[in-house]
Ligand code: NAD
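Next up: a single chain in structure tokens, the form predicted alone.
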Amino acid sequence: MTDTSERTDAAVPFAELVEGLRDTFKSGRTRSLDWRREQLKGILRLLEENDAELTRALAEDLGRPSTEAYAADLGFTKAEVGYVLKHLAGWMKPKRVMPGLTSLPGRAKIVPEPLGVTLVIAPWNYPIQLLLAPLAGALAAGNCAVAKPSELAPACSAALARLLPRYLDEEAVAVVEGGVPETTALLEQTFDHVFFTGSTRVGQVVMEAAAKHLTPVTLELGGKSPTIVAADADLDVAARRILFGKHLNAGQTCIAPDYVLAEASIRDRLVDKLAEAVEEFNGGDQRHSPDYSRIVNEGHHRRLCHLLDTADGTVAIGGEVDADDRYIATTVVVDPALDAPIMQEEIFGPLLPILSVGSVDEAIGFINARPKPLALYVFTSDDRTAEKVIAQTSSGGVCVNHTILHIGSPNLPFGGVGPSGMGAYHGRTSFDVFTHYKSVLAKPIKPDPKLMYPPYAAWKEKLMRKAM
């Protein structure tokens, strides 16, 4: 993304677009429960009635098998939107609270209100889910929205741009396709909240652009999510579940296991178990497996090949690549150099470095010496070990004895910490992130004691000090 201070030809029509959405918001119609419910039901109908088309688009953009397309994009989003729809009425109700001793007599409440006009910028790796799930939160909270799908998933972007206006209020929701120039021009506009999912590098650009308008942001970023495998872990289960996280979408997942820290006594056995799991998952022929995705484009394929070529470790599993097919096999690299790019950059692909550590404590120290990750995984048979890792590390989320699945609970906020992101969503948190909670205090006309008014006297201050 370019510097957002550079204006583009798209800036003027986008100004008109945003102003039109603001007029809709000012009309007040997006505030009603009925309107919000209709938008959420529209997203559900879009997903249900266009399942086949969206599945084909995911296959075209990412080589995504239909089972993964449903589980990770379509079905996931339906479950999320359905949960929000079920609980929305309760979330919208003002909440009565005690006003505090100094405000008695009086009544106090917290009133949820929409922010206004929001911008949702989605990435390419889960192009349906990561546009529609946050969009559902924005609409549930009563906002208007600009939805920006990723140009790197062109088939999904085109499908969403065509379908969303059919199912949602066209005067309240706009879809903008395009690449860097269009996104740059959008970020020049004044929004009431910007929700961005993508890389840390582009997240910095988004935050800088939003800061010019004092616009709050939610940044769902990434980083190098570590996996600790303790000596007492069930290695058969650990291998399958680590591979599940790395196999999904060919590792192109922000919370995919990025690298493994295995206790030295079980490191080699874990590698053997991973090799068995690769065979099991792909029927012995991953290259032709219908259940394995492809790398999104040639540029990302070259980047991943470079990470593999410069790893300076031992390729224990995989290593096969095919640029014409955008294929990279699930590849385990043992003991890569710590200063190699594969250990410095987020991998975002099917490469899995494995390093030996002398203990779980050493693994904790290794993780804490690096930027805070979006996810952290620990495999152990001892609850005390798991709790130790949770207590002594910081990450956006933790999953014990599995990978990825913590993202699926609507009761667990999903988001990063530090360079892996700011803010969270999913379930109630999706409503909260696009809502302002307005504090309201109502006082009766009488009584109206003169204690708080000047002229002040020593007895007034004395009484005030006792009361407060």
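Given the structure is predicted, the values throughout are model-derived calculations rather than measurements. Residue indices: 1-based, along the sequence shown.
Note that the form predicted in complex with the named molecule isn't included here; everything after this is about it.
Contact check for 77, 118 and 147: none of the three has a heavy atom within 4.5 Å of the named molecule in the predicted complex. Only one segment in the set 309-317, 329-337, 377-385, 119-127 has residues whose heavy atoms sit within 4.5 Å of the named molecule in the predicted complex; it is 119-127. The named molecule is not drawn, but in the predicted complex it has a heavy atom within 4.5 Å of residue 196. Among residues of the shown chain, residue 258 is not one whose heavy atoms approach the named molecule to within 4.5 Å in the predicted complex. Contact check for residue 268: every heavy atom lies farther than 4.5 Å from the named molecule in the predicted complex. Not displayed here, the named molecule is approached by residue 183 to within 4.5 Å at the level of heavy atoms in the predicted complex. The single contact residue among 263, 192, 346, 188, judged by any heavy atom lying within 4.5 Å of the named molecule in the predicted complex, is 346.
None of 156, 135, 221, 250 but one reaches within 4.5 angstroms of the named molecule in the predicted complex through a heavy atom, and that residue is 221. Counting a residue when any of its non-hydrogen atoms is within 4.5 Å of the named molecule in the predicted complex, the one hit in 414-442 is 414.
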